[in-house]
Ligand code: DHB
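As structure tokens, one chain now follows by itself in the form predicted alone.
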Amino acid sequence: MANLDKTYKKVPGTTIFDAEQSAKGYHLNQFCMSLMKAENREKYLADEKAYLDSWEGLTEAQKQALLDRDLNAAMREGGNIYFLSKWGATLGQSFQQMAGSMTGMTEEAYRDMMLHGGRSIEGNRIADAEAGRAKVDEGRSAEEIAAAQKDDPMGDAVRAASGDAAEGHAQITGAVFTSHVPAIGAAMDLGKTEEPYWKAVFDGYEFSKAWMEQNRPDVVFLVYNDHATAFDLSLIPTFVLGTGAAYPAADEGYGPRPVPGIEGDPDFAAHIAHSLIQDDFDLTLVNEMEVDHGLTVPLSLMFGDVEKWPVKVIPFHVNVVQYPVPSGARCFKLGQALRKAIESYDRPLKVQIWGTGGMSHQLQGPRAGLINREWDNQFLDRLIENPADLATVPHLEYVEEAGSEGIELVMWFIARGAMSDIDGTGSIEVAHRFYHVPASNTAVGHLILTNHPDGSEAAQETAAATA
């Protein structure tokens, strides 16, 4: 797979603040934001080193860049000029002082340049920089050029923009679909899994845990919905991609679940963000949030009681609480774009996509407790056999047939759309299917699909079996 287009990294004298830079500089930029409070500015100016050391997550390189008053170094370490301007203001610097310092000019010389029309575009385009490098490299040996590139702070960015890739790329190995009923988590946490009411539910996941032991991914891209936990009515994003390094379990009113925190994958998430947004999916990127049962219950069902989750997790929240909510068709297309994003990542990761929520249930009004077994099982059939057609089902059908909260099922299309059979470049296999009523107020549905791209041994075996 070709790398994503990041030719902007070749523009001379320019650092674009993209998702990768944001992930790298998260703590640095949050430090800068702390200086918007007068008491923090006083603490910083009283003892810069001590204040910097108090910020967990700042790297030594980031601290040194600030101590050296080196804005170019700070930006290479992930800083953004709008955030760094808070730091400059704390030191009493004007924007022209800061800009001048990055160009090697005094404030007066920089101001004079601006008075005379600013820096000329001539000599400051990509072609000019490449011509300059070629002239410098003329007559050098390959070893000398390699050594010079190693010392070039922009070298990695330029080479990345040129499309040099590491060996191998990420692959989607399967998809997991499951309900995420909060009472399931409570039953596990309170040791009730063997009680008659719950045993049938958990028996349906025994195969899943064994399968996961044999098919464990490196990263799970987990699609879920927040249940008025991380997002209240002050902020209602449609699609949220978690780009942070860690996510603690939320207190949903009963105290946090006794489960491990989530380890994220900021680099991979940043890559996915870049690809999906370039494909016109407007995402909200979140570095800090707590995650509720919508995310932790599926992990518990698939991995059991563990001290640490054995995979990294990229959370992906979909608003299905307040209308308008995205359509199944939109989620299906997002899944297809997600596959492209994942497979263009130049590290050999095994990735699973999990779609969670549902099945039929209604939690409010005189119809509370509604379950529709027939509709649920038809949904599972169609999701396997004809997902593109199923994705066109209108919202009204979900509400009428599967209950007001059955709309959560649109999230399953993100996982289904990411499978290789959708564009005919591979095949899928149903590894497990389970359905049960009830778990508290909800019907429980569960599927595991394995993904077999063309050329894989599994795909060839599947093709031979169906020939």
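Keep in mind that what you see is a predicted model, and the values were worked out from it rather than measured. All residue numbers are counted from 1 along the displayed sequence.
Just so it is clear, the following notes concern the form predicted in complex with the named molecule, a form of the same protein that is not shown.
Heavy atoms within 4.5 Å of the named molecule in the predicted complex map, among the stretches 200 to 208, 179 to 187, 385 to 393, 96 to 104, onto 179 to 187 alone. Taking H271, R339, H317, H293 one by one, only a single residue has any non-hydrogen atom within 4.5 Å of the named molecule in the predicted complex, and it is H293.
For the residues S34, S404, S427, N441, the 4.5 Å heavy atom test against the named molecule in the predicted complex is passed only by N441. Interface membership of R257, defined by any non-hydrogen atom within 4.5 Å of the named molecule in the predicted complex, is ruled out. When contacts are judged by a 4.5 Å heavy atom cut-off, H227 counts as touching the named molecule in the predicted complex. In the predicted complex, the named molecule sits within 4.5 Å of a heavy atom of L363. In the predicted complex, the named molecule lies beyond 4.5 angstroms of every heavy atom of every residue of 370 to 403.
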